[in-house]
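Given next, in structure tokens, is a single chain: the form predicted on its own.
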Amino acid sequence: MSFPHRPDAPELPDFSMLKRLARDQLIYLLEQLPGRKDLFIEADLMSPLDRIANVSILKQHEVDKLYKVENRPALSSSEQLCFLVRPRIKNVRYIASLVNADKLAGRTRKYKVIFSPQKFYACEMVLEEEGIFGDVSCDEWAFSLLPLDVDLLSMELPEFFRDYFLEGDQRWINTVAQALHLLSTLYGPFPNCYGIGRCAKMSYELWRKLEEEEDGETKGRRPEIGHIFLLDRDVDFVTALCSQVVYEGLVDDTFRIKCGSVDFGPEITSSDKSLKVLLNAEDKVFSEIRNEHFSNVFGFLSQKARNLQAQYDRRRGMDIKQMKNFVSQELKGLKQEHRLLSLHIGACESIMKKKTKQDFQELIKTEHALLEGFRVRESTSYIEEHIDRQVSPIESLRLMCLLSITENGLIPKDYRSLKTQYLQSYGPEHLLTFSNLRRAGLLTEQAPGDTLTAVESRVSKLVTDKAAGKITDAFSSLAKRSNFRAISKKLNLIPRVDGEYDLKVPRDMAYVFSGAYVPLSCRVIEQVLERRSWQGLDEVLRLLNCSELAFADVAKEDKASSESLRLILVVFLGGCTFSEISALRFLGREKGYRFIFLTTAVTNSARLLEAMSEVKA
């Protein structure tokens, strides 16, 4: 039923060291401002900070009061103010307004700004412009790796996706390179490196430069992790746009998992309060159902409830000594399991209610038709109806983007019709969002006369050109065209199944999408690991427009142990979904690997499209 790890699965490295490092560095920075101080924290950093250093730790280091960075005057009466913020211009302007207000009032205080994960030159320029550069001290808290679970590290940078893939802003690449450098310093060098995508290539090259500059630090060390694979989100948008049907993915789509925890409302907790629940391998119930297809979860939970009841019932025939042992050793664990079980049953019921209301089955059927390339006209009509009924602006956009990518761009008539209906239904303020989606290659219009083969041949000529990176803007939208149909055939992404696909005993990674589709990102990783190179995948690279952007750096002789060679770190630049994580966990179980995930942030279709939207919810 659930996915136990194979008995021969390699042990994972201990990532709790990353938390200790981040905590010690933060304490060191706070102590540089001796005495009592008030700490202003940006909202984005509150959840990650809570996982690293809770309020009591901050209080031990003379933090008096905590404030959220908000666009209003500070009420603090402390003589020392410390700001913990992301390196954003608006934050620096806010700090400058507080400092200048104090100056006007003739008040002298000490100010310290801690930028996380790094300090940008632009922020210091703003401090200079505002005339307060000499009044504040600036530092950086290089906290870029948060362990959310035993096999999942997050950089907690949701803005990475929009900054890089829409704005072309490369400032976070240094943060990625520094994070990889820290991992190789702590856990030994990575003997085998693979990657695909422009961002992956730049991050890899910068990381290698950092390694060369500090030559000798990792030399001679035995590697703990045998392979690293870097992958850009824009290599595979389709997977991120599909509805998730594994339990963890559905919980994320329905309740939004934030920084590894989720807020369950009163309707789930069966009380009048909401409850924040940490979702990781320590939750014994969750760890057994997280990777399961949702259709199997209820059966598992009801079986678990029966087993629990049987364990409770054992106490009936006990004598005093046995009862004493039961109370001291087992009861606490049973009560905890019972509490978690009722929460997950409540979550399942809530998901079922919401999905039944949305007519989830019809939606999934349309998605599968789009992925397989059948009944395209019917799917287009379904999307039009979805827009006309004003079901949800983000959901309608998601279906339009899925139609566009799977069909290699919309024919002009459909593009104009859907766009017009969307703007009439949800409002003209969404007009700029369409421009963003076009620039990112998520929702494009076919040029008149473009067929799949014509686009392919033109893209191949462009991409094999050495100056691929300097293609003019006129061609950039063409270069971002998807060749999904051809890639799908080449990599066999749509499994051919005789009869019903058995979701209880999955045969391949397609189970994460009800047996209809193998995630492209996961298939590429599987193929490269099998070959230990990109050999034989030239056609796939050409169709992905990545002929110049794939690399493999494989060690000649392996110093790595056979155990570490079965550990693979997959780095998703631009975010990864819980469906991809579940699919790779399944692949690892089948092949005897163990995957570790590092992502700029955990994402899903809604987060992806909200990042592209110009209309803030």
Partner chain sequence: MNRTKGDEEEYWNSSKFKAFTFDDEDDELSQLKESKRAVNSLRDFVDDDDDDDLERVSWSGEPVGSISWSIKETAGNSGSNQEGREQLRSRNSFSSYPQLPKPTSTYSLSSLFRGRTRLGSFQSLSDALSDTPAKSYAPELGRPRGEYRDYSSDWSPSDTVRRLRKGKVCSLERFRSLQDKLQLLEEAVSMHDGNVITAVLIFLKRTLSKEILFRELEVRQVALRHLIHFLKEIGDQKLLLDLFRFLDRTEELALSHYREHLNIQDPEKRKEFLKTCIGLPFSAEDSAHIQDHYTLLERQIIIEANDRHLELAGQTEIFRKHPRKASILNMPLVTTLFYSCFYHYSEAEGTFSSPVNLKKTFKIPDKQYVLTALAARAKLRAWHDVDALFTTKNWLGYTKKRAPIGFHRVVEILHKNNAPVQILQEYVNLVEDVDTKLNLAIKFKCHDVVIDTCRDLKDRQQLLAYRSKVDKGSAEEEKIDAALSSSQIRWKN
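What you are looking at is a predicted structure, and each value in this text was computed from that prediction instead of being measured. Residue numbers count along the first chain shown, from 1.
Quick note: we don't show the form predicted together with its partner chain, though the next part is all about it.
A.B. asks: So if I measure heavy atom distances to its partner chain in the predicted bound form, which of the stretches 101-109, 521-529, 268-276, 485-493 falls within 4.5 Å?
C.D. replies: Single hit among the candidates: 268-276.
A.B. asks: Though only this chain appears here, would Gln118 touch its partner chain in the predicted bound form if you measure heavy atom gaps against 4.5 Å?
C.D. replies: Gln118 belongs to the contact set for its partner chain.
A.B. asks: With the partner left out here, check for me: in the predicted bound form, does some heavy atom of Ile57 sit within 4.5 Å of its partner chain?
C.D. replies: So Ile57 counts as contacting its partner chain.
A.B. asks: Going by a heavy atom distance of 4.5 Å, is Trp534 a contact of its partner chain in the predicted bound form?
C.D. replies: Close contact is absent here: in the predicted bound form, Trp534 is far from its partner chain, nothing within 4.5 Å, heavy atoms only.
A.B. asks: In the predicted bound form, is there a heavy atom of its partner chain that lies within 4.5 Å of any heavy atom of Ile581, even though the partner is absent here?
C.D. replies: So Ile581 does not count as contacting its partner chain.
A.B. asks: In the predicted bound form, does every one of Asp135, Ile394 and Glu610 come within 4.5 Å of its partner chain, counting any heavy atom?
C.D. replies: The answer is no; none of Asp135, Ile394 and Glu610 reaches its partner chain.
A.B. asks: Out of 32-52, which residues reach within 4.5 Å of its partner chain in the predicted bound form, heavy atoms considered?
C.D. replies: Read in sequence order, the residues that approach its partner chain (within 4.5 Å, in the predicted bound form) are Gln32, Ile41, Met46, Leu49, Asp50, Arg51, Ile52.
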